[in-house]
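Take a look at this one chain, the form predicted alone, written out in structure tokens.
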């Protein structure tokens, strides 16, 4: 539980106290809280309590200390400005941080929470998270947008080069907000469980299970109008084996790197995949496929294409195209719950 709470702690914080976790022992419960003021993770554990109290200890040191102890019971005791962690022989002592300096954090707000299948929720998140940006200079693009859409819960992410949209059916609840992808990536490792409660308020999103709670401050601003990017129909469609294309893109990536596009020449009978790099060489191969449309050549960033193929469900994928200058859309065959839109690279 120490390691789970520690995942909310940033590596660079202007406040030294935020490098610690708050430990509160009351009744038969020990609560551990970690926060960077944007993301807060709380975990509760039933323990044998000898004396109630509160302390703040260095998060990463304490977490690693517990991890390295021999298997068995762990004893945590605070006294005289130090916290002692023992178990199976070894003994660690760490200086306490001033508990009064730890920020006062409100209890998680689960008003209007809906219950979801935790495994399905985590799987859906993993599909859209790949399209979110890691550039803090554009905060609007560093989140996953949640909205209710025709009886489904929709998740959307984009970094302006690709777009991922995933629908979780049979979700009648009204949930809407832009949640930082950094927080969502911690869900599975911290509070992920078979059943998850989700609440999105005016300022925060809260995710709760029997393992604890994760609260994230919503990103302020208006999410891009992603709907206008998705064409209603496509004149060209190629259907092919997902793993075969994934392997081919992986081989091409040896030469391509991020700045060299992978070219797909679409023609009857398959796809001619190639990459040319002037200072190194190139790679070419044929991937069998069913193609309906005009013969064309389109190019994509190899990493972005690989990311999309990796998260599409199913043995076969469909790539729908307008022309070499407009985005293509990847889907699993027979699946309408997920799409991955990818901007082409101009040749």
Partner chain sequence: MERFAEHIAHVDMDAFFVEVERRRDPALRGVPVAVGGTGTRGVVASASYEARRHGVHSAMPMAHARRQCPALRVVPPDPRAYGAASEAVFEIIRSFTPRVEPLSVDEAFLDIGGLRLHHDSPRGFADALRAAIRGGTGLPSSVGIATVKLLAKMASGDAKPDGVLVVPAGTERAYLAPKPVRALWGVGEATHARLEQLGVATIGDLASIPEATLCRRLGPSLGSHLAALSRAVDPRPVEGGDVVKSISVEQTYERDLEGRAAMERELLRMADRLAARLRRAGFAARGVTLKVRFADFSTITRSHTGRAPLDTAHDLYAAALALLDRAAVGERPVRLLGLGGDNLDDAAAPRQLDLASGGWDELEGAVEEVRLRFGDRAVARARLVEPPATPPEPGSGTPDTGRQAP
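Numbering follows the first chain given and starts at 1. Every value quoted in this text rests on a predicted model; they were computed, and no experiment measured them.
The following text describes the form predicted in complex with the partner chain, which does not appear among the structures shown.
Among the residues 247, 101, 174, 135, the one placing a heavy atom within 4.5 Å of the partner chain in the model of the complex is 135. None of 94, 161, 234, 223 but one reaches within 4.5 angstroms of the partner chain in the model of the complex through a heavy atom, and that residue is 161. Across the options 279-287, 32-40, 58-66, 301-309, residues that bring heavy atoms within 4.5 Å of the partner chain in the model of the complex belong to 301-309. Proximity of residue 201 to the partner chain in the model of the complex falls outside the 4.5 Å heavy atom cutoff. In the model of the complex, the partner chain stays beyond 4.5 Å of every heavy atom belonging to residue 118. Using a 4.5 angstroms limit between non-hydrogen atoms, residue 15 is distant from the partner chain in the model of the complex. Within 4.5 Å of any heavy atom of the partner chain in the model of the complex lies no heavy atom of residue 87.
Scanning 316-347 for heavy atoms within 4.5 Å of the partner chain in the model of the complex gives 325, 341, 343, 344, 345, 346, 347 in sequence order.
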